[in-house]
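Take a look at this single chain, the form predicted alone, given in structure tokens.
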């Protein structure tokens, strides 16, 4: 390829990325992408909703969605490419237009220009009496007291003055461009180097690792086979990578308050952060009130109960009144039967078995015969009304499966656990800096302007004629107001 062809191709790309039209197109595409990401359930937020949504698509449309990574749009190559193109467009647009702006900012303006004074309105011209040199000195002092950049030039008996302010306002748009770039860069840094995870901590326990949300790849492989998804909507395994936090998190206490209807009103976790075996910080975590430690943010996401160690049982010997034995035992601990026929142990505990409430699995090991396994429900007389017939007939769900005893579950210990969402986004400080800069850029762009003021003093038959003119990069109404105040103030200063 010749150098001419290379230069021509470079110019084509440069013209393309320096075009404001491309900026508008990219912004529209990004807006459409955000709308699509809102309408299509994202796998990183809810795999259940993503799977159910996928089940309603045709196989061809499903493959198209997966090809574009629409179920994880904000981490897709398409979305990142749009952000990259917009960043390149902003950089090249700024580079392309900056020399002209810099030239206007650095331009040396002649004070003795006549053109600004053409067709001046009457209220910007006034006559005053006195010596021309004294009037000239007062004009110079007045302008220097109001403007930092003031210049004077004398041409025989004509005196010219020039002053300006707000030259920096021309760079407001570049501050806005830089702030948008910082926001985009911060978003990309968070996308590539941040993480999202979750962890459940039992009250009193301490953890130093979290499970990363990496379930999309498994979901993606399952969705590639639509028939499998439709017949088994949850037939995929979620593989969670483990991340070491580098510090420990202990849940000292978990509390939950309920409304009268049983709905949770507020739940709170008291967390202690441990580093190198020492307690470093203590914080209270509530819903919508996240806490941070060493750049990692913790959100109160859920809670639940898990079985404790102790189970309380009543064992009744059938056909014998008064032969009821109350037993408190630990899970997996073997205990003698009341008649010394063998041993039994609680081998399984469920806090809500099949939505019927607490239940335990009993394993009876008689000294003679085979082991017997069965489940015992708390409040069995009420539970049996909810169980289907086949379950009622099965000895696995009969509290009297081992004759001549009937086991009754009186209660079991439960321990709360707190479910935490754990995030780290190293791009957040850059994004915050970008938002601060964009506010400053908008203030400079829309509320500041580059104003240039010219004043001319000429001898006149009736005295000395003083004319005042000006230009502004924007806000012409504000310029006219300033010229009016400047004219009145200068006249009063000269005559005062």
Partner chain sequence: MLDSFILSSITFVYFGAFVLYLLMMVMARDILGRIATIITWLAFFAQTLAIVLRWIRSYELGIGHAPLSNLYESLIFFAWAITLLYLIVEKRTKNRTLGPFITPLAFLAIAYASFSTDINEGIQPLIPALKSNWLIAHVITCFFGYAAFGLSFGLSLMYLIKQLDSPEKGNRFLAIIPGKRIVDELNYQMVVIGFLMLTLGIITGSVWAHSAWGSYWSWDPKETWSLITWFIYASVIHSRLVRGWKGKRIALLCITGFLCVLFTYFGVNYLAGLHSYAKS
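Numbering follows the first chain given and starts at 1. Rigid core: the largest C-alpha set superposing within 1.5 Å between the two forms. None of the values given here were measured: they were computed from a predicted structure.
From this point on, the text means the form predicted together with its partner chain, which you will not see here.
Taking the partner from the other structure, its partner chain in the model of the complex has a heavy atom within 4.5 Å of a heavy atom of residue 79. Interface residue remark: residue 290 is counted as part of the site for its partner chain in the model of the complex, having a heavy atom within 4.5 Å. Its partner chain in the model of the complex comes within 4.5 Å of no heavy atom belonging to residue 340. For residue 294, no non-hydrogen atom is located within 4.5 Å of its partner chain in the model of the complex, even though that partner is not displayed. Scanning 398, 87, 421, 275 against its partner chain in the model of the complex with a 4.5 Å heavy atom cut-off leaves one residue, 421. With the partner omitted here, the residue from 448, 68, 57, 428 that has a non-hydrogen atom within 4.5 angstroms of its partner chain in the model of the complex is 428. Contact with its partner chain in the model of the complex, defined as any heavy atom within 4.5 Å, is confined among 298-306, 327-335, 348-356, 364-372 to 298-306. Residues of 164-186 placing a heavy atom within 4.5 Å of its partner chain in the model of the complex, in sequence order: 177, 186. For residue 259, the Cα coordinates differ by 2 angstroms or more between this form and the one not shown after the core has been superposed. Comparing the forms between this form and the one not shown, the C-alpha position of residue 421 differs by 2 angstroms or more, with the core used for superposition. Remark: with the core as the superposition reference, the CA shift of residue 166 between this form and the one not shown stays below 2 Å.
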